[in-house]
Every structure is written in C-alpha cells, then in structure tokens.
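What follows are structure tokens for two forms of the same protein chain, given separately as structure 1 and structure 2.
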Structure 1
Amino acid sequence: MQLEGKRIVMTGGASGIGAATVLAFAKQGAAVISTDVQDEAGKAVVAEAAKLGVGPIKYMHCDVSNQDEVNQVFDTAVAELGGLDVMANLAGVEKNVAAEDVNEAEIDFIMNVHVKGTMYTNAAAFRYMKDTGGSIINYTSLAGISGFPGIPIYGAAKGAVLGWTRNVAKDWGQYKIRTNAVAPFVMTPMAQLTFDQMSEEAFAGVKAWFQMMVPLGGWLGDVEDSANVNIFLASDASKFITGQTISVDGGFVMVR
C-alpha cells in the first residue's frame, strides 16, 4: 500500500497506460478520480479498480483541451477527495502525418490535447497543491526526445511537454511540488493499431529493428511497466525528484 491516503486525479484513464495506472493506484490504496472522454471505457476501468482498492475510485468526463472544463472537473474532483496529492496526466492522441503534409486541423488536434492539455491540467493541479505540495506526472515520448519517423506533430507536442515539465519544476519546487515526465515505449492500443495497419513485410522489418534497438527483450514493454513508474512518482519515495524524464523503454532511449 505505497499510496494509502494519497488523493489522485488523473487523465486518460480509459485505456492503455492510463487504465493500467488506475488499477495500479487502486491496488496501492489511493483514492482516485479518473477522467477521459471515452466514458463507457472509463467507467468500466473504474468499476474494475473499485473492486481492488480501499480508497474511493470514481470516473468523470473531461476534455483536457478545454480549460474551462478542466477547471470545473478539478474543482469537483478535489472537493470530493478532500484535497489533492497527485495529478497524473496521461491523456493522449496520436496520428501519423508526414511532415510535408501537416495542416492546421492536424496540428490543432494533436497540440490541443498534448500541449494545452498538459498546461491546463498542471495549472489546475497547482492551485490545489501550492499550499500542501504534491506530485505532477506528465507523459512525453521518445518521439519528443530523440525523434521517431512518421509522427512529427506528435513528436513536437511531446517535446513541448518536456520543456513545460522542466520549467514548472523550477517554478513550483518552492511549493514542494515535484513535476516529472515519463517516456514510455510499451504496447498500447495506439501502438497495436499502428502495427495492425502494416503489411507483413513492414512489420517484420519493425520487429527486426526493435531487436537491435531495445536491449531488454527487443520489443515493447507492457503497460504495467509504465504504471509501476507512476506508482513510484506518486509515492513519497520520489519526494526529492523533480524536473526529470524517466524512460520506460527497455533501454531504447537512454535519457541524459
């Protein structure tokens, strides 16, 4: 029970790493309010998590790209929890768009969720943590650290998340708020969809490349691998860590 008594609001809890994190937080004794825009899936995850945990586990709809909605949801969630110790921002979207084909609609779609969503949720969390301290967990990507083919807008958005995280870690440390980023390389529904759309030949090439590039196992990790890092960052064990990027990728990108 590493998180017993911790009050957590998180985004992106309906699937992938987010869903695994809701379950992981619940198992560790936290009180959790999970948010997403996929309401049916989000409620199903919370129902499963409620059977595992000791703290209350609830779901709320939240579009992280809408600042008014974010603020309203955080006001309601924190009032229900009686305070806020941890905010984990895992909401994300991804779309393959070649750099030469970018357009305003695609840029806005990806940037609004990742960049605005990170800023809005972090700012909302700050209001409730500034007097008590806490932990903010943001999600970046190897695409934002070292680049990845075919997803330049996504990579740019995740690079912006890194810059934001480091800057607010400097600004908010005086309030005992630690702000860190996680860069996962694990099998999520988005990753699976990408692989499913590949030809057999293309997929074989990707697998061969991963075998060379990932020292631990030669393939993507599990969503639980990233969720376990979220437990650490949410717990008091990480109380002297801020402004850092933890790469959960089997050694694919060794962050310096």
Structure 2
Amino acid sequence: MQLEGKRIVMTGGASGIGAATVLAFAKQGAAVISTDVQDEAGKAVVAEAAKLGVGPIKYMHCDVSNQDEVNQVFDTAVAELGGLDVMANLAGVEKNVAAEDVNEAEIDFIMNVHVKGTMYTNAAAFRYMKDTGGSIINYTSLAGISGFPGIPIYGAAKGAVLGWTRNVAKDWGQYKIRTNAVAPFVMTPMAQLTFDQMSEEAFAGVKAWFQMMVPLGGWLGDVEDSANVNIFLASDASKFITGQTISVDGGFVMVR
C-alpha cells in the first residue's frame, strides 16, 4: 500500500476520474474525505471505497467555487483527518461555447469552477500544509496546453490552472509543498458531454485527428490511467517533483 497513513481531501469525487481516484486512494490505504456537489453519487462512491480501504473514507458536500464553503469544509475535513498530506482537486465542468459567442454567464460558469475553485482549494490546503509539507494535485487539460477545437473558455481556464500550479510550486516549495498538474485524456461523463455537443461532422473530424495523434490506441484512455498517476503524485515516490504537468493521454501532447 503506497498511501498508508496519508490524509487526503479531494474535490470532484462523485464522477469520472475523481470517483476512480477515491477508489484508488482507498485501495492504497489512505484516509480520504471526498467532496463534490453531486451528493448522492459522491456518497455511493465513498460507500464502495470504504469496503476496499483501511483508512476512514467519508463524503462531504463542497462547491469549489464558493470560497467560504471551501474554507469551512476543509476546516471540518482536516479536523476529522487529524491533518492534511494530500489535496487532489478534480472538480470540473465543461460546455462547448464558440469563441465568437463568449458571454459573461458562460465565462463565469467555467472559470468559477476551474480557476477560482483551483485557487480556493489550493489556498485552503496551504493553510494546513505549511508546517508539515504536502502534495497538491490540480487538473489541467491538453486544451490548456496545445488547444482543442470548440472549447476555448475551458481551454483558457485550464491554461490558468497550469499557470497557477507552476507559480505556487515556486512559492510553496519552501514549505515542502509540491504542486503538480495532470492533463488527462480519458473517457468520462465530461469527455462524453464534449463529444455529444459536437456536430456529427465535427466529431468525425476529431475522431480522425485522435487516430493520427494518439500513438497508444488512437482514442481516450480509462479513468484508472489518471487515478494511477494521482497515486504516484500523492505518494512519497514523487517527493522531488513539483511544478510539473503529467499528461495521461496516450502520447497526444508531447510538449509543455
């Protein structure tokens, strides 16, 4: 067990990569408090994880775009865990909006969760890690690194997550806090939603592009592929790694 004794708070634990990560962290022996806004789904994942793990696994409601709520939930969660070693921030939303159609509501919908949510959760985690060190895992996207058709606000938000991650890695290294980002390309409800919002023609084009660009299979990976990288980043095996982006995308993006 690579995470025995690790105390972890997570966001976005009700679905997709987050749900797979709750299960993966539990299997590795961690104590986990998983948060999300989809309470029923979040509780169901935690119930399954509790059967696999040794550490306590619990669920709490937390909207990452609300700073007061984030601070309150982190206070309660960290008090329950008795400290904080790892914070994995997987909450996310997506909506395809053409660049020429941007408006305040669409910008806020995406930026509030990805950009503000990353900053609020990271700052809350810092308060508990500054005396002990720890690992913060953020989620960026190839849309924020090399671009992706049809999701420019999301891509801009993920570019901001990347910039934030690198900057706080510089600031918080002195506290032995590591801050890294993962850029996944794996099949989840969010990935499906992105494809569902495309025209048939656009989706056919994207599929052909994936075939050409992804050497490992020409398509998206599995949620476990990204959860396994979260185990590595949460564990002491990555103790000299900070400010990095690990792409879990079958080789789609090879530049940073």
Ligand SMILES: NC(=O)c1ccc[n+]([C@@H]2O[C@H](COP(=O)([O-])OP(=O)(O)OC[C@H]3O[C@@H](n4cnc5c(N)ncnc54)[C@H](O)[C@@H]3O)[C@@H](O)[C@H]2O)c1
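Keep in mind that what you see is a predicted model, and the values were worked out from it rather than measured. Numbering runs along the sequence of structure 1, starting at 1. Heads up, when I say rigid core I mean the largest set of C-alphas that superpose within 1.5 Å between the two forms.
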item	value
Which of the two shown is the form predicted on its own	1
Core-fitted comparison between structure 1 and structure 2 - CA shift at Lys207, Å	2.6
